[in-house]
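Taking the form predicted alone, here's one chain by itself in structure tokens.
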């Protein structure tokens, strides 16, 4: 599975005149291996550095920016002031959505595109063609809500 995704990314780079160098490939592998973790640049760098000792953080920054420009990844901020990177899913016209817990910081992905009816309405009413969108829901996750409910029950009894 990972090899297929790497080949797909290699083709995207090649189509735009870039090569998938060994350093870029290691960076891509780290992103693929940590797809659900939304790593920061520094976290990605530290993992890649353990594998390729001679790589510099500037190379990782440039690789991430290139992958962002090619829409392989998205740069996201979940309200904590830290930019993280998220792979775009194959065969998805739009970036996926997120549920972000304001209590514990947990992030859950919504892979379905719930906004297509809204995009059609925007096209009909405004003549505006949506090329991409991003939606983040902020609130309290099930675990934190259950913890609060449990604490409230203890306080009452």
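Being a predicted model, the structure only gives us computed values, none of them experimental. Numbering follows the first chain given and starts at 1.
Another form exists, predicted together with another copy of the chain; not displayed. Remarks below refer to it.
In summary, among the residues 66, 52, 130, 46, the only one with a non-hydrogen atom within 4.5 Å of another copy of the chain in the predicted bound form is 130. Shown without its partner, this chain lists 57, 70, 32, 118 as candidates; in the predicted bound form, only 118 has a non-hydrogen atom within 4.5 angstroms of another copy of the chain. When another copy of the chain is considered in the predicted bound form, residue 134 lines it closely, a heavy atom lying within 4.5 Å. Using a 4.5 angstroms limit between non-hydrogen atoms, residue 145 touches another copy of the chain in the predicted bound form.
Mapping the unseen interface onto this chain, residue 141 counts among the residues with a heavy atom inside 4.5 Å of another copy of the chain in the predicted bound form. Though the partner is left out of this view, residue 40 does not reach within 4.5 Å of another copy of the chain in the predicted bound form, counting heavy atoms only.
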